[in-house]
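To begin, one chain is listed below as structure tokens, in the form predicted alone.
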Amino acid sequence: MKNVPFKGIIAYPITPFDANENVDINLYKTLLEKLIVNGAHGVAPLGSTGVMPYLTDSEKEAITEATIQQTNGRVPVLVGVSNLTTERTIYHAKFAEKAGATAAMIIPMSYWKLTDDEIVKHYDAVASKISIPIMAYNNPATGGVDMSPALLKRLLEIPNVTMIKESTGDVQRMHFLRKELGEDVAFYNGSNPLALAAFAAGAAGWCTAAPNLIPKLNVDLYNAIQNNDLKAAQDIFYKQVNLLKFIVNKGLPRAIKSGLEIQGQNGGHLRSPLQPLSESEVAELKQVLNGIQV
């Protein structure tokens, strides 16, 4: 695989806010450091977990710079640079590259339904303005666009689009990517409940918010796969699957914030319209976490 700097567990930090809904950079760095020291193989700020669409340009830049400073070269950094317009996506991609990001992640965000040709031109335009590799991110639940395997194959013809993150929850798409594109193309799982199945299908890594709460289990799953120990991988996955389902169903930023607080850490505040989990949801999460044996 060429120009593919990521493998393993790529952890998503949340973007914490203070009581006035301002981005809390100091707390962000603290939470990011926890991900690094607990074994994440890479970090990916400004994704769904980092509430990227809710941030201003200056806030996105501050998070990007804080991430580069805090990681200090210890792990690769995958920065989300997506925007509704191509011009703004190019702007953020260029900023991320200049700041020192290892790669950029782009999801085609849309109010109007984009055609395949529009999506290809969008990625091609951004790719032509930066030299770092790009991960094409397919998540119709958040981006509003479902990129077919055939479209993803077209995107990979763009020289520095070298990675695909597949988050539809359809493991058959991952099998298709491996079968049609071979081992020269790296694809990554973005659907938490499919972690084991995705690795079995040949995923190079797992992009997930779960390391904020259960880093050891996440890394142990990847290591078991690397060791070709299916029994161990199954046992490790089944320990965490209930939590993986919970954080997806309740919303990643909300669930991770509450989970951190249950574990005695400061998870910061949310930015409206997002609201904390209800008391019953917190109780349910506490029960799920208490039931996990590392």
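Source: prediction; values computed, not measured. In case it trips you up, residue 1 is the first one in the sequence shown, and so on.
One more form of this protein exists, namely the form predicted in complex with a further copy of the same chain; it is left out here, but the text below deals with it.
- Listed residues 216, 178, 98, 74 were compared with a further copy of the same chain in the predicted complex; 178 is the one with a heavy atom within 4.5 Å.
- Shown without its partner, this chain lists 69, 226, 263, 30 as candidates; in the predicted complex, only 226 has a non-hydrogen atom within 4.5 angstroms of a further copy of the same chain.
- Taking the partner from the other structure, a further copy of the same chain in the predicted complex has a heavy atom within 4.5 Å of a heavy atom of residue 252.
- Within 4.5 Å of any heavy atom of a further copy of the same chain in the predicted complex lies no heavy atom of residue 160.
- Though the partner is left out of this view, residue 122 does reach within 4.5 Å of a further copy of the same chain in the predicted complex, counting heavy atoms only.
- Within 4.5 Å of any heavy atom of a further copy of the same chain in the predicted complex lies no heavy atom of residue 134.
- Contact check at 4.5 Å (heavy atoms) against a further copy of the same chain in the predicted complex: none of 78, 148 and 284 pass.
- Along 132-152, residues 141, 142 each place a heavy atom within 4.5 Å of a further copy of the same chain in the predicted complex.
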